[in-house]
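One chain is shown next in structure tokens, namely the form predicted alone.
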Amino acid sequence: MAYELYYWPGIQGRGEFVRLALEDAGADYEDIARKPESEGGGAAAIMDFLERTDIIRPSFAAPFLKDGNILIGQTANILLYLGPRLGLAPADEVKRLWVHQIQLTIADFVGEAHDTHHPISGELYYEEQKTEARRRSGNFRKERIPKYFAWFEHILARNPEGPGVLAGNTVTYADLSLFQLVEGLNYAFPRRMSQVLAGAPRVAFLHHAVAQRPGLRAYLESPRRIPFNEQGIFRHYPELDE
């Protein structure tokens, strides 16, 4: 039975981290909301699911994944579940938890990236909080991006088992997620990222290597890969990258 992924149509968002794992592994899955509404797709499919009252363990928000009778929410939690099933997580429990820890750190970073353009509230338009966004993004560019990338660079250098990957000796879902993080930040803050990646050669190498993986390369070059836009987590506002 195919996995069913539920995430908003038209944006990459947090659902993209799950898509990358599914695509890299060549997994059989349906991106439910990207189907026509006449076939049970669209944003209505997500809202209908979230509003159901018969689900014992409901998700707070998308993304969520359905695998038969199993329903899993939260990006990092979905990847923790999928990792061993897709061959994208170590067999050893301690190492699996380490990969999960890296993923949770990436989730923290993604949240901070989102808050650069919506520092006050997600309910307000960007134009209603531009002054605060400039201040927030200035700190993000100068302090937070270098701090996170120094950590990624550090654990890549310290991994005793496999050069070029974050954990173990093969690519895990955390490597795919770091690739997506770099992609998003390159889109949102191209000027700053050119400087940061120059000082993080191991992260830059991993980003390039992941993009060449056959399953991912085919996906990235296909129409299934939604382009970055100013509706998702990573948004490019030139005034925030000065």
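As the structure is a prediction and not an experimental result, all values here were calculated from the model. Numbers for residues come from their place in the sequence shown, where the first is 1.
As for the form predicted together with another copy of the chain, it is not shown, yet the points below apply to it.
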message = Which residue, Pro190, Gly26, Pro214, Pro58, is the contact with another copy of the chain in the predicted bound form, using a 4.5 Å heavy atom cutoff?
response = Pro58
ask   = Ile70, Ala198, Ala43, Ala209: which sits within 4.5 Å of another copy of the chain in the predicted bound form by any heavy atom?
value = Ile70
query = With a 4.5 Å heavy atom cut-off, would you call Val165 a contact of another copy of the chain in the predicted bound form?
reply = no
ask   = Closest heavy atom of Thr170 to another copy of the chain in the predicted bound form, within 4.5 Å or not?
value = no
Contact test in the predicted bound form: Thr53 vs another copy of the chain, heavy atoms, 4.5 Å = yes
inquiry  = Leu80 versus another copy of the chain, in the predicted bound form: is there a non-hydrogen atom within 4.5 Å?
reply    = yes
task = Would you give me the residues of 1 to 24 that have any heavy atom within 4.5 Å of another copy of the chain in the predicted bound form, in order from first to last?
result = none
